[in-house]
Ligand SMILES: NC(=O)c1ccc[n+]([C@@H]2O[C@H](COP(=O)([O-])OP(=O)(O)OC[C@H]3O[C@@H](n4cnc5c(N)ncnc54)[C@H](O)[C@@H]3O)[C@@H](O)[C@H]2O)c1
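Before any questions on how it binds or moves, here is one chain, the form predicted alone, in structure tokens.
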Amino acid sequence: MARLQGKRAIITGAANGIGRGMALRFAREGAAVGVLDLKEEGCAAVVEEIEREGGKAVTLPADLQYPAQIEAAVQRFVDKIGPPNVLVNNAAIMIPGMVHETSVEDLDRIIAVNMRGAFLMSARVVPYMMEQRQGSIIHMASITGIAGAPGTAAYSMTKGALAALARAMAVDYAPYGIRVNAVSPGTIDSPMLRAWVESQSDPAATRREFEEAYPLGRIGTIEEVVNVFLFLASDEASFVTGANYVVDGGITVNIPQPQD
């Protein structure tokens, strides 16, 4: 059974990683998908995959730092697919650094993509959902917005803000049948993570450290995160709004015990 039949979903940051996984899975579940990312080639590759499997999708090349590009992307989706009733704000960048190490330029860029981009995408899409009297918006937050993570000050700030934005929007738009939630993953076995691990002096030890930190004894998979987004985008989550789903293998509730 197609769990997203009749859904028209825009997914940001959808050319690779978790975003790509969502775009492919949403299409397999019956949704028409807008693949939004920085470069058209990346968007086109995912759209081609979807169309090969018989799905419907459209490329939405855009840089979320620029409001005019956001507006153009949403308008293209409406023209090609129809009014959106699902929005996934997944796109993000992470520039490491403690507060005193982060330049104003890097701070502004992180805020523009991670936080302001999600805010403006929501603002552009919400009127269509209000007209339809239904919709689901899902923000990609992170456990870094819940628990401290070294050297991620600006990134963590934006991810915590997205969970707060979900709560505020859930209250504002509930009368219109629009649900707004957040998802906070832990460490996920994505191409980005694998590339970073391989860049370390001892990749095997680095990978092992990640896995041993989690009570479940491993890091998460893209599919495990996508499953939660699929649920929240579907009508199965019709009474779920204002929530922040933590998908982290138990790491944020784990209290390490002293070693003998």
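One rule holds for the numbers: they count along the sequence shown, beginning at 1. Fair warning: this is a prediction, and the values are worked out from it, not measured in the lab.
Keep in mind that the form predicted in complex with this ligand is not shown, yet the notes after this line are about it.
Shown here without its partner, the chain carries 18, 63 and 93, all of which come within 4.5 Å of this ligand in the predicted bound form through at least one heavy atom.
Only one of 36-44, 23-31, 197-205, 49-57 lies within 4.5 Å of this ligand in the predicted bound form by heavy atoms, and it is 36-44. Heavy atoms of residue 86 never reach within 4.5 Å of this ligand in the predicted bound form, leaving it off the interface. Residue contact with this ligand in the predicted bound form: residue 156 places no heavy atom within 4.5 Å of it.
When contacts are judged by a 4.5 Å heavy atom cut-off, residue 187 counts as touching this ligand in the predicted bound form.
In the predicted bound form, this ligand sits within 4.5 Å of a heavy atom of residue 141. Residue in contact with this ligand in the predicted bound form (any heavy atom within 4.5 Å), chosen from 74, 166, 129, 113: 113. Along 199-233, no residue reaches a heavy atom to within 4.5 Å of this ligand in the predicted bound form.
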